[in-house]
Structures are given as structure tokens and as C-alpha cells.
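Okay, here we've got a single chain as C-alpha cells, the form predicted on its own, with questions on binding and movement later.
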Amino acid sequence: MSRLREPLYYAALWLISLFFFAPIGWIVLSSFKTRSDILATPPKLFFAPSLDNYRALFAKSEIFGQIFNSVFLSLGAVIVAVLVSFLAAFCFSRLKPRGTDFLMFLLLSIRMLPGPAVILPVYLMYAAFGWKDNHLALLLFYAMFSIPFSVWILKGFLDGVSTRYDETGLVNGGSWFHVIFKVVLPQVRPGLIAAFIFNLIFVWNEYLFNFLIGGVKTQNIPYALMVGTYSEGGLNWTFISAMTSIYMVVPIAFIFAFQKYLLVGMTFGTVRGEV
């Protein structure tokens, strides 16, 4: 019985994985089908694959700008957010200003509010300052929304790094810049990558604010999916399947590339070695 336990365990894991990834596999397969094959009953598992859906997708001139906007806004906002969050988390962790716990609660409370609850004041502010349909303004907005969660993650990681590292670096003539970026930052690399991936997924999937405070120049992929969903009086399944398949490439690529650090980051303990 013990010999069968491990094969059964892995077989169960494979079945669960296939169950959860079946919709993804189905949408990718559908991107190579014709409209009639997609709507066929019963569903076709064997078909002649075609790239016509992708040719039709990239024949639209605006699609390249929408893909660029998604990549630029996501990567730019998350990089800014992680850098600012790391410095803020270092201050909270090392300097421990008065009311740190309350300030951390206020930061987290920003993310407790749903997007529609704050869209009106944000829209009025952006309209008043003329920031609508501006790449930099939208990038900074996404960075602002990503900072609170990143600070919470990184503070927990920094609390787990012994202050002996800081003291040793300063005693040996290092500046605070050297201590922060050369000594402490490498210790929390898994946390930086975890914060980067989680916030990248949030910004990559964001639609509401892009639709309301963005514009023609800042349209992202979720916006393109929304406006292209219906065509010729029905759902445009060929466009949806092809666009969704491309839409999944960036987050999957980042998660696959950094999966080792992401797993370490999600299980990172608070016990660190002393110098």
C-alpha cells in the first residue's frame, strides 16, 4: 500500500492541475479554430489549426499600441512602486517612527476600498488637472495603488533581516546607501520579486481606471477585450480567444521565469542568521 501512495498522490495532483488549467488550454486551442469549429456541438477536439485569428487580430492597427500600453504601464508602475515601497518599508522596519502600526494600517486600508468607491474623486481630480489620457499620470496612479500592498510585504521581509547586517556595514565604513542597496536589498530579493509579481498581475488586469481616466492613447489589453467582445451581432469568439491567449503570455512568462524566487518569497520566514 505504501508503494502505491506516492504514485496516487502525484496522479491526484495532475488531475487537479488539469482541472484548473483546462479553461486556459481550451481558450488557447480555440484561438487556432475557426468560428464554426469554436461553436461546434459537440466540441471539436480534433481540427485543422489555423493562424487566421491571429492574422485578423494583428491586422488591426490599434492592437500594437494597446499591447505596448499594457506592458509599459504594468512594468513602469510596478518598478516605481517596488522601489518606493522598499525604501518606505526599510524606514518602517529600521527607524520605527512613532505610530508605525497605525500608519501601516492606514496604508493597507487604501487597498480595502473597492475601485468603484474611489473612482469619482479620482476622475474629478484627473479631469481638473488635465491628466486624462496621459501615460505618465496613469502610470503614477497604478504605482500609488501598488505601493501599500508592497510596503506590507517588504516590511515583513525586512523585519526578518537582522540589524547586525546594517551595523556591520556602517562599522566597516559603508554609507547608508551602501547598506540599503548592497547589504540589505539582496537579503530580501524574494520579497521584491513576490511584490513585483503580485502587483504586476493587478496592474496587468486593471480595466476600470484605464477606461475612465485613460483615453485613446492609453488603452490597454483589457480595454481592447471589452470593446472587441461583440461583433456582427454576437460574441466575437475568434477575437476573444486570440486576444486572451496573447494576454496571458506576459504574466505566465514572468511567473515561470521567477517561480523559484516567488516560491521562496511566499514561504519566507522571519528567522535570519546573525552576523
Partner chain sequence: MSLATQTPGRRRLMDNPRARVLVLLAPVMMFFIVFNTIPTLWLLGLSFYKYSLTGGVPPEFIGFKNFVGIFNAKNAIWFDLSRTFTFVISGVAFQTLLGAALGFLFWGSRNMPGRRVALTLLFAPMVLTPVATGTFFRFIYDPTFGVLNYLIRAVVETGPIDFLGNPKLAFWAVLAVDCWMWTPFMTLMTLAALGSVPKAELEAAEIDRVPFLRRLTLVIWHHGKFIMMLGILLRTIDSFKTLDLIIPMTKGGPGQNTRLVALELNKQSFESFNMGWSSAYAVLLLLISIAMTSVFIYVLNLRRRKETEG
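Whichever C-alpha set is largest while still superposing within 1.5 Å between the two forms counts as the rigid core. Just so you know, these numbers come straight off a predicted model, no measurement behind them. Positions refer to the first chain, counted from 1.
The following text describes the form predicted in complex with the partner chain, which does not appear among the structures shown.
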- Message: My question is simply whether Pro222 lines the interface with the partner chain in the model of the complex - judged by any non-hydrogen atom within 4.5 Å.
- Response: yes
- Task: Indicate whether the partner chain has at least one heavy atom within 4.5 Å of a heavy atom of Ala242 in the model of the complex.
- Result: no
- With the partner left out of view, is Ile193 within 4.5 angstroms of the partner chain in the model of the complex by any non-hydrogen atom? no
- Message: Taking the partner chain as it sits in the model of the complex, is Phe58 near enough to touch it, meaning that at least one heavy atom pair lies within 4.5 angstroms?
- Response: no
- Task: Could you check which residue among Leu73, Ile153, Ile147, Val188 gets a heavy atom within 4.5 Å of the partner chain in the model of the complex?
- Result: Ile147
- Query: Out of 205-229, which residues reach within 4.5 Å of the partner chain in the model of the complex, heavy atoms considered?
  - Reply: Asn205, Tyr207, Leu208, Leu212, Pro222, Leu225, Met226, Thr229
- Rigid core fit then Trp14 CA moved by 2 Å or more between this form and the one not shown: no
- Query: Core-aligned, does Gly156 move its Cα 2 Å or more between this form and the one not shown?
  - Reply: no
- C-alpha of Met144: shift of 2 angstroms or more between this form and the one not shown, rigid core aligned? no
